[in-house]
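Heads up, the chain below is alone and in the form predicted alone; it's given as C-alpha cells.
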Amino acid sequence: MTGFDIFAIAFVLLVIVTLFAGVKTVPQGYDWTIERFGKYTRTLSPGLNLIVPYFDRVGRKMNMMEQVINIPEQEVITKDNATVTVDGVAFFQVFDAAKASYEVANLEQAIIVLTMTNIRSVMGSMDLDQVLSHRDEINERLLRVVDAAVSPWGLKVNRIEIKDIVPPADLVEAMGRQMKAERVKRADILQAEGQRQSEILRAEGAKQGQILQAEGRREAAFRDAEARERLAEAEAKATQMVSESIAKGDIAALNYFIADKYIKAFGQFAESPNQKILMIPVEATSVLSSLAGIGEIAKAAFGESAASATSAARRTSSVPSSGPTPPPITPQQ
C-alpha cells in the first residue's frame, strides 16, 4: 500500500467521522442543548439537526414530557402539635431545556426538597382536623407555592397530590373514640327529636279530637234546642187550636187534647226503666169520667156555650158512657 492510499483511507474516515459528529437526530419529546467549548449556545429540537463538528457538542438531553416524581414520607407537626406522616407525588414538565439544564443542579432532587419543605410549611399552619379534612386546599396551596418557586428553572409544576396522611396510633384511637361519641350524640339527638315530634303529633291529635267532640256537642245542643223550639211551637199551636175550638163551642177538642196528654203520661210511666210493676187503679171508663169532669170545668170556665158544646161533643162521641144518659140540652140561640 502506497502513502497515497493511506492518506485517502484516512481522509475518507475523517469525512465519515465528521459527518457523524455534525449530524444529530433528536427524538420526539426531548430537547438537546449544544455547548461550544463548554458554553451553552443553542437548543436542538426533535428531528435532524446539524452542528459544527469538533467545536460543538451535545450538553444535556432534557426530557420535555410531563414527568412524575414521588415525594418521600416525612413527619409534619401541625399547628396543634399533632405529628402526622405525609407523602405525595408531583407532576412537572420542562418547558425551557436551557434553564432546566443550567439554572439548577440535580433537578429532580431540587423539586423533591422544595416540595417537602412547602408541605411542612403549609400543613404546619393548619390544625389536625383541617389537615385531615382539607386535602384539596393543601394541594392547591402547595401547587401555587412550588410552581412559583420552580418557574425560574424552566419548569411547570402541573399537580401536587398528597397521597397519605397518617396520624400516630394513639391519635387514631382517640379520633375513633371521638367519632364514636359524636355518632352516639347524633343518634341521641335524633331519637330525642323523634320523640318530640311524636309527642307533638299525639298532642295535636288529642287537640283535634277534643275540638271535634266539642263541635259535635255544640251541634247536638243546637239541634236539640231547635227541636225543643219546634216542639214548643207545635205545642203552642195545638193549644191555640184547642182554645179556638173551645171558643167556638167545640169541647170535644179539649177532651181529645187532655185525653191525649193523659194517655201519654201513662205511657211514660210504663216506659220508665226503673218501673217494673205499674199498678193503676183505674178503669177504662175512668178516662171518660175524667173527660166529663174536665168538661164540667170547661163549662164553668167558658160559660153555657162551652157546656152546650161539651154536651154536643159527648153525644157525638163514639165511646159509650158508663153512667146514665144525661137529659138533652137545648142549644142557645
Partner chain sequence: MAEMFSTLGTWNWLIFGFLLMALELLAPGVFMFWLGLAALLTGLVSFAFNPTWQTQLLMFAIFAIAAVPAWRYFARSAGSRNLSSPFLNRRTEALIGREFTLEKPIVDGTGTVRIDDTIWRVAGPDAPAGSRVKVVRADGASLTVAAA
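Positions refer to the first chain, counted from 1. Owing to the predicted nature of the structure, the values given are computational and were not obtained by experimental measurement.
Quick note: we don't show the form predicted in complex with its partner chain, though the next part is all about it.
Residue-level contacts in the model of the complex: of Gln130, Ser121, Ser243, Gln93, one residue has a heavy atom within 4.5 Å of its partner chain, and it is Gln93. Contact with its partner chain in the model of the complex, judged by any heavy atom within 4.5 Å, is made by just one of Val52, Met64, Val58, Ile69: Met64. Partner proximity in the model of the complex, defined as non-hydrogen atoms within 4.5 angstroms of its partner chain, places exactly one of 232-240, 152-160, 176-184, 105-113 at the interface: 152-160. Its partner chain in the model of the complex is approached by Gly29, whose closest heavy atom lies within 4.5 angstroms of it. In the model of the complex, its partner chain lies within 4.5 Å of some heavy atom of Arg144. Among heavy atoms of Ala148, some come within 4.5 Å of its partner chain in the model of the complex.
With a 4.5 Å cutoff on heavy atoms, Glu73 does not count as touching its partner chain in the model of the complex; it lies far away. No residues of 160-191 lie near its partner chain in the model of the complex, the criterion being any heavy atom within 4.5 Å.
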